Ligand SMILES: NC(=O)c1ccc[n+]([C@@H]2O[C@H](COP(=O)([O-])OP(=O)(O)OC[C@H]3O[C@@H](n4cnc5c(N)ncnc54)[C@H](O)[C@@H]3O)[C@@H](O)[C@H]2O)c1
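Encoded as structure tokens, the following chain is the form predicted alone, with no partner shown.
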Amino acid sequence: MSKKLKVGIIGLGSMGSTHLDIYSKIEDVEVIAIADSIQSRLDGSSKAEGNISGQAEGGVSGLSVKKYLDGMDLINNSDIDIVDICVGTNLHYIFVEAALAKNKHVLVEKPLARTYEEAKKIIQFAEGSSCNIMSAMCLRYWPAWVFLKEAIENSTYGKCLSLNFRRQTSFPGGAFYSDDNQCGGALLDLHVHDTDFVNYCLGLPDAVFSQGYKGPSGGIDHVATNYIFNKTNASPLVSSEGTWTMQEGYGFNMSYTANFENGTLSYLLDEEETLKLFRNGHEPESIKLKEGMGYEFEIRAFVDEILSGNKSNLDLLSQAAKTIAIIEAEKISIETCSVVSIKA
């Protein structure tokens, strides 16, 4: 059997814990180290919770690995092949830079960086590195969104006329999410998923018009955006809304509605996950999706990329960086109540 890739995870919040669960199901990898600045997370006496069923189900109790309070010490472990970065967004840049400098493959949670300027520097590091790096934009791998992208690209139901995305939840709380300087508010931390999918699926918009308001992070915590494509009349009408300002107990939901010439797709994930197709003259159809969440498919894709010897897809990485440029344009649009061109 070939040698397993050795993984170190930095950050044991909900996403770090979710990644830990997923690696345990992949034969080609072995987690040998974890790092978190909170001692109770390292020893298993406390545990982060996810907002979607299936997140952060396991834990570190009974896990025989090296444990570090400082993620930089993990990066300096010469036995590690992959560094999985699940720390606060404001720390992504420094850990990515350090890991690539130590010739580690890097999986970094979304968004790629706190600012577009930092994201562009990460692209430069990636271009000069022989190691692989992936930005964990999970919707690109989420079965319902994979289905939608293929439907648009293949004109399965004819021309796509309109797309609307929505992502809503209560405020997650905690020091990180309460500081816009660290998390970027719901605008960057939550809404980024849908903005990235628009970019991934349709390409970079020419401009945006956004409205929104500040919330408990101190930044924009509720946003509604229209993405403007001027290059062709064939571009659909595209909008999205994201918020974590709902009252306590609201829970979490994400959805999309995609209207085509010959069909309408309606997706909803709340307590259950459903994708329905509506067509004139037909009964509504429930579409069976591939089982699993985007997190596991993205990690599997990254591991396969490394094992196959393929270089990182820098186009996808660059797209993740440009998504942050779109987000920053949305922020300006909210502040100025104007249409803002994308400069990326």
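In this text the structure is predicted, and so the values were computed from the model without any measurement. Residue indices: 1-based, along the sequence shown.
Although not depicted, the form predicted in complex with the ligand is the subject of the following passage.
- Residue 131 falls outside the set of residues with a heavy atom inside 4.5 Å of the ligand in the model of the complex.
- None of the heavy atoms of residue 140 is located within 4.5 Å of the ligand in the model of the complex.
- For residue 86, a non-hydrogen atom is located within 4.5 Å of the ligand in the model of the complex, even though that partner is not displayed.
- The ligand in the model of the complex is not approached by residue 221, whose heavy atoms all lie more than 4.5 angstroms from it.
- Of the candidate stretches 172-180, 143-151, 121-129, 203-211, only 172-180 contains residues with a heavy atom within 4.5 Å of the ligand in the model of the complex.
- Contact with the ligand in the model of the complex holds for all three of 14, 36 and 295, each having a heavy atom within 4.5 Å.
- Residue in contact with the ligand in the model of the complex (any heavy atom within 4.5 Å), chosen from 98, 269, 228, 91: 91.
- A heavy atom within 4.5 Å of the ligand in the model of the complex is found for exactly one of 314, 289, 69, 63: 69.
- Residues of 109-127 lying near the ligand in the model of the complex, listed in sequence order, are 109, 110, 111, the criterion being any heavy atom within 4.5 Å.
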